[in-house]
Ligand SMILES: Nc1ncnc2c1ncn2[C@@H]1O[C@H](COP(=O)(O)OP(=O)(O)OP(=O)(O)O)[C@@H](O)[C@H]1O
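Coming up is one lone chain in structure tokens, specifically the form predicted alone.
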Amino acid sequence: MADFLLEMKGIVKQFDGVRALDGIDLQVRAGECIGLCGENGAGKSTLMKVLSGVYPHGTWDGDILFDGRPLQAQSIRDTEAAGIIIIHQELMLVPELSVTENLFLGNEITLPGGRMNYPAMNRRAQQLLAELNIGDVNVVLPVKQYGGGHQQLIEIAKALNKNARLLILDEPSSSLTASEIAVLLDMLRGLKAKGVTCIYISHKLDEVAAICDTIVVIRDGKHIATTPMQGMNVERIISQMVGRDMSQLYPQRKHAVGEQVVFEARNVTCYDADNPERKRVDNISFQLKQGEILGIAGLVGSGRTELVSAIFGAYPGVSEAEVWLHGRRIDTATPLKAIRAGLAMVPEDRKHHGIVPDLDVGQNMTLAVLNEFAHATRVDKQQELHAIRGEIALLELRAASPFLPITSLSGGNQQKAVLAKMLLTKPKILILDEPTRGVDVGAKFEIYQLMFELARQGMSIIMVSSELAEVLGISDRVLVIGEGQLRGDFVNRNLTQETVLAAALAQSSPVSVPASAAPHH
């Protein structure tokens, strides 16, 4: 029996001459849970794609030993046959198929003659879910009937059905609620007890600390440290990841908020796209001053995204909103009209609403302002490239070339490209919906610095975030939304997470706030 279930030695992977992985070593013992940490673009996902056969043997240098034997996989099928299963951040379930059909996709149980043996598969599916303590799932219903948390657990059940010996989880909790994350971590503890080995990749370092035995940190494609979790804490992991002490997670703000109200949204109401009787946002009004960063806090499903989408003309259902800029009412019936009026929005779902995956980095950045480079029927490529390079430098966007596919960039750098696209429109008001979701600590810091710099230049910013620490670390003022209603409007002076949460959970009218922070009407 080998000392290690998995050994990766001297792994090198290049893209267009740029070393994404530069001689990385990784060792994992059987039954161990390793936390793989690093900033966006550090090489975590690339390393896992090498391990899982997405990048076939021969497209990278180095050696992989699995259970003491060389692993030279040509595809995912080869690594799955060996017992290495990867669960990607984007779930690989087929929404229309039943839970059972998803669990057995590609290795169905069949009867003589090739017909599906549904009774046997349903029994095995129920047994699998029971072993994982996943209750209240009817295995014959389509997967789309279940929320993100359940789907994530079903994805893990699917991996175990393939006899996983090594489970790789890439950002498994990025779209889960706190209670769903607790269930996920419990399930992983149970798997560890049964001897399943895990590699856990997450930006949520408190989860990594809670579940992992050993922390492996990589930075810029190089192995930095392997440390037992006992000797670590979140602060130490962060300083290893970024190579600098992040004692100050939020840059000190140096910007003055003007006295003048520049923007106002009045009576914003949104009706549920599927159930028009139900209001997702119920008659919310607020104001914004020059150079102010307004944080919008609230629990998942409170109506925050719907509120900002309606203001920007991007809400999919029926909505009403009066939007005023510099004392004039503006038309924001569609995103195009909103952009022309001086608004810009970076959406929550970068993958579906932020980028065009078929275009390169530069083309994604200039999408909203192509008319500025157009002369008659053609685009001035030189002028366009000059603007692109300017934005890449301003945002410190890490891309070897603006002609690379946008999908080849890390999440943090994709987010910067979406930001660049909106900043090229020179907006007066910038709306950021979850601007740092799926973004590592270092890139977060850079995005915050940019926000403060824009505010210093007089731009007003609205930021929706699920992370209360972020809302309090960045905002000048905080709106709290609960069940589609405005529950509080606080000036961010000595404001605590407890106060914000209490307001979000309050069942009544807006909470009373200190006189200095009275709601603006």
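Don't overthink the numbering: it's just position in the shown sequence, from 1. As the structure is a prediction and not an experimental result, all values here were calculated from the model.
The form predicted together with this ligand is left out here; the points below concern that form.
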Checklist line | The unique member of V480, A42, I462, I474 whose heavy atoms fall within 4.5 Å of this ligand in the predicted bound form | finding: A42
Check: Considering this ligand in the predicted bound form, which of G303, G411, G313, G291 comes within 4.5 Å of it through any heavy atom?
Finding: G411
Next item on the list: Could you confirm whether V18 comes within 4.5 Å of this ligand in the predicted bound form, counting heavy atoms only?
Entry: yes
Note to self: I'd like to know whether Q485 contacts this ligand in the predicted bound form, with contact meaning heavy atoms within 4.5 angstroms.
What the structure shows: no
Next item on the list: Answer yes if any heavy atom of Q145 is within 4.5 Å of a heavy atom of this ligand in the predicted bound form; otherwise answer no.
Entry: no
Next item on the list: Report yes if any heavy atom of Y55 sits within 4.5 Å of a heavy atom of this ligand in the predicted bound form; otherwise report no.
Entry: yes
Next item on the list: Look at the candidate spot formed by T177, K204 and T436 and say whether this ligand comes within 4.5 Å of a heavy atom in all three of them in the predicted bound form.
Entry: no
Next item on the list: Would you mind picking out the stretch of 97-105, 121-129, 402-410, 338-346 that comes within 4.5 angstroms of this ligand in the predicted bound form, counting non-hydrogen atoms?
Entry: 402-410
Check: For 70-99: residues with a non-hydrogen atom within 4.5 angstroms of this ligand in the predicted bound form?
Finding: Q89
